[in-house]
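What follows is a single chain, given as structure tokens, in the form predicted alone.
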């Protein structure tokens, strides 16, 4: 049997902590196999205080490129040689390309977000939306919503309102969008805010495997019939958050489409090839959806 690690193999990967539940290795390795490309994609579990050393290792080993997930999406920027315009505005990177030791950061989450929400554009464009969370995913969401969907108002709801307020100030300055409001996550107090939102998005990792009984909000009557509720979590595909929303008659979207389309854009940046999106989407759904 041929050794996959012979010297001509291009190595890709994902940096994060913890990393064992990521489906990115499955997705990218399958794409390389379907296209007969000599790439292998590996998970790299990097302790939070070891990012700088990990990046030195990536350069030394000549790794072609990698994804970035929690907790490094924002902190990695200071270690990169350059970032795309999009990533610079967002202040968060999820994809890095290594060209002869020069690391360039991109944000392909925006592609995944856009492809997930575009079919519903006419339903919520120009209306109020709410985002739960204020981390890297929330940054990509705020950018994509302002750039492509032009909501009348964006509510950022977070356990610490100070972090949400920082995001508000950041995007008011960066994108000259003045309709961001912030709230602390007190479930009973934010019910009116969520009730008035046509689109509600969970941008936290709450509810992700193995903590599948968790939801960022468990309060009854927070969702409305025909609201659009999007959970960026993809594992499990049907989170407690989405189950609660569907029980109130909302339209629910899981994170699988976002996962595949952000991955497809990263795959193109690394390989120059188009990922076979439909085949990958079907394979990921088969593994994740009940």
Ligand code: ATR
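Since we're looking at a predicted model, the values are computed, not measured. Positions refer to the first chain, counted from 1.
Form predicted together with the named molecule: not shown, discussed below.
Residue contact check for residue 204: one or more of its heavy atoms lie within 4.5 Å of the named molecule in the predicted bound form. In the predicted bound form, the named molecule sits within 4.5 Å of a heavy atom belonging to residue 136.
In the predicted bound form, the named molecule sits within 4.5 Å of a heavy atom belonging to residue 158.
Proximity of residue 70 to the named molecule in the predicted bound form falls within the 4.5 Å heavy atom cutoff. Of the listed positions (191, 77, 89, 185), a single one reaches within 4.5 angstroms of the named molecule by any non-hydrogen atom in the predicted bound form, namely 185. None of 198, 174, 163, 181 but one reaches within 4.5 angstroms of the named molecule in the predicted bound form through a heavy atom, and that residue is 163. In plain terms, the part of the chain that comes close to the named molecule in the predicted bound form, with a heavy atom within 4.5 Å, is 205 to 213 out of 81 to 89, 111 to 119, 205 to 213, 145 to 153.
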